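One chain follows as structure tokens, the form predicted on its own.
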């Protein structure tokens, strides 16, 4: 049964938005809506134009018999900046200050809309990179990794600090915590990551960079390749940070435990 153009456009847009970075052939859409490829091509031109104008992302066209279209999510810099400014304001609330200069993030990282924005912002940074997996460490980095992986349409893997029988055989490494300088352990299931994978590391908060550096060492143990590192928030650090090349969305610049004041500014994501 043929489908009206208005219905096709709605369903086609939904289908593409739910399957980012996935190549969909014109033949598939033609069969799905019982329509001619020429009509499908015209529909996709409308969707592509709308995505571009609304800065929803890019609809890539792949020519050839095995070609089709692929939706690449993207966020406008203005929208990302507006979101980050809002997060700076919310993180500057005095009641978020925890012992040791940490900032309470759990309520924000449990909010679906906030996570979607974080995921889209981070994924947009790696539009033109080939990524096979997103890596984080349990537990607070998990929702961020899930959000990013959904926009990149790749699996996410969870590094743990303690053994879980459900993980099977694991690869473990010792690493030095950047803030406390203690030697700690982290491990990853051997089945989680294929050799030669291109991996993006994400995390919720970074101080000295020891945890991220530990994940970097694990990636090397798997003979995989590190594509990049992005954290939701970083804090200023007086010593030598163990990771030099990274991106942060927010920066906790000043913390006064006595006066219970926090100053949060945008991270280096917006620096050219």
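Numbering follows the first chain given and starts at 1. In this text, all values refer to a predicted model and were calculated from it rather than measured experimentally.
The same protein also exists as the form predicted in complex with another copy of the chain; that form is not shown, yet it is the one meant from here on.
Put simply, residue 247 is far from another copy of the chain in the model of the complex: not one heavy atom of it is within 4.5 Å. Using a 4.5 angstroms threshold between heavy atoms, residue 88 stays clear of another copy of the chain in the model of the complex. Taking the partner from elsewhere, residue 256 is found to have every heavy atom lying beyond 4.5 Å of another copy of the chain in the model of the complex. Using a 4.5 angstroms limit between non-hydrogen atoms, residue 47 touches another copy of the chain in the model of the complex. Only one listed stretch (80-88, 103-111, 194-202, 123-131) carries heavy atoms within 4.5 Å of another copy of the chain in the model of the complex, and that stretch is 103-111. Taking a 4.5 Å heavy atom cutoff to another copy of the chain in the model of the complex, the contact residue among 173, 138, 76, 72 is 138.
Contact with another copy of the chain in the model of the complex holds for none of 221, 223 and 227, as no heavy atom of theirs lies within 4.5 Å. Contacts between stretch 148-163 and another copy of the chain, counted in the model of the complex as any heavy atom lying within 4.5 Å, involve 149, 150, 153, 154, 155, 156, 158, 160, 161, listed in sequence order.
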